[in-house]
Structures are given as structure tokens and as C-alpha cells.
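Okay, so here's just one chain, in C-alpha cells, the form predicted on its own.
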């Protein structure tokens, strides 16, 4: 499988992370998203007329939606599957809010930054409330006591929220959830998201 990838993209990272956690190999094809806008080139638009990343190619199958990619990577892995559809929609909204705030602050994208941060904070409060309820029931992940693609979909833009000017300091349940994900065997990092042992070493 070939992943057309940008190292700073939260959406690309979730596919790299899912592959790593499930022991699947991806061939990474780097795309110069910024500043060259290579994802808008004629060659890339042939793969994805929408001009977005990531793009996953598995032989003749080409996917341009990260949720479809997560489902594809786990199609033979029932342990990663669950009642995830609502959370995959939630992840898209995280990308449209916290993700856009990060693009504004990190890459200078033109965004209604106040609206993006305000909506992003609202989503974090909803996520915090859900995870707190899960903890009371003895579960740490979004849909149970083991992770599913729901967690992988929601994790990157949540973890990178501080890059868009939204602090996670007031969300203890979110921080515990992120720590649990960082503890998973096979976890890989990206710029702004470190492995758990690196965080412990810095303390």
C-alpha cells in the first residue's frame, strides 16, 4: 500500500499510526503540501480530484477519505472495529476546528481563528465529559476498554490542539486517554506528538 503523505498532516499521521499499531507496512510517498502545494498538481489531482491528503493506494483501489482508510486497514482486524461511525464524524469536526486552527498558527492559513478555536473548545469539553464517564465505568478508550479506529481518528487533532492555540491543561480525562494511546505497542510519533517514554524522560 502506498500512502501519499505529508509529515505535518494530522490526517496523514492517523493512517501511519493505524498501520504501525496493526503491524502493516506502508510505502510513504512524500508530498510537498506546504509551501509547494504539490497536492494540487495535475499528477496528484489525477489521484484525488479533491486536491486533499492523505491518499491511500492499495493496488487498483484509491481512497481519499481517512475514515475509509482506517476501515480498510482494519477490515480483517475485528479487535480494532467497534461502534465508530459517530466518532468518525466527530473526528472530521475536530479536523474542521482544531485542525484548521493549527493550520492557521503553524502554516499561516486564512481561517476564522476565533470561531475555529471556540468550536474546538466545545468539542474538547464534549470529549472530556465522555471520557470521564468512561473512566467511571472502568473504561479508558472511546468505545470500551480497548482502542478502536474511533480513538485513532480523534487522537491526532486533539493531541495537536496546543499548536492551534488551544490548551489541554484543563482536560485530565483527555490527557489520560492520550497517555493510554501513547502506551500502545507500536505507537509512532509525529512532530508535536511524542512517544510516552520521551515525555517521561523530560519530566
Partner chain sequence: MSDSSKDHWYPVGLLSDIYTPRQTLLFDQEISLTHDDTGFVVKKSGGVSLPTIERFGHLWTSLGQPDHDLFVIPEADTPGRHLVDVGSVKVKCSPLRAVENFLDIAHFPFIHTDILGAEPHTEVDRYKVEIREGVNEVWATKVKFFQPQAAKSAEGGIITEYMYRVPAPTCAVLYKTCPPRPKEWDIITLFVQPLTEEWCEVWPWMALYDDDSTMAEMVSFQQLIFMQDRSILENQIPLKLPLDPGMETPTQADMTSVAYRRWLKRIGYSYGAQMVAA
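Residue numbers count along the first chain shown, from 1. The structure displayed is predicted, hence computed values, not measured ones.
There is another form of this protein, the form predicted together with its partner chain, and it is not shown here; the text below is about that form.
Problem - Proximity to its partner chain in the model of the complex, single hit among 57, 34, 40, 175 (heavy atom within 4.5 Å) - result: Contact check passes for 34.
Handout entry: Contact stretch among 122-130, 76-84, 89-97, 102-110 - heavy atom within 4.5 Å of its partner chain in the model of the complex
Key = That would be 102-110.
Problem - Touches its partner chain in the model of the complex: residue 179 (any heavy atom, 4.5 Å) - result: No, residue 179 sits far enough from its partner chain in the model of the complex that none of its heavy atoms falls within 4.5 Å.
Exercise for the section: Using the partner position in the model of the complex, report whether residue 163 sits within 4.5 Å of its partner chain, counting heavy atoms only. Expected result: Contact check for residue 163: yes, within 4.5 Å of its partner chain in the model of the complex.
Exercise for the section: Evaluate residue 196 for contact with its partner chain in the model of the complex, applying a 4.5 angstroms cut-off between non-hydrogen atoms, and reply yes or no. Expected result: Contact check for residue 196: no, nothing within 4.5 Å of its partner chain in the model of the complex.
Handout entry: Partner proximity in the model of the complex: residue 191 to its partner chain, non-hydrogen atom cutoff 4.5 Å
Key = Because a heavy atom of residue 191 falls inside 4.5 Å of its partner chain in the model of the complex, the answer is yes.
Practice task
Enumerate the residues of 1-34 that have a non-hydrogen atom within 4.5 Å of its partner chain in the model of the complex, in sequence order, or give none.
Solution key: The stretch 1-34, when checked against its partner chain in the model of the complex, contributes 6, 7, 8, 30, 31, 32, 34 at the 4.5 Å heavy-atom cut-off.
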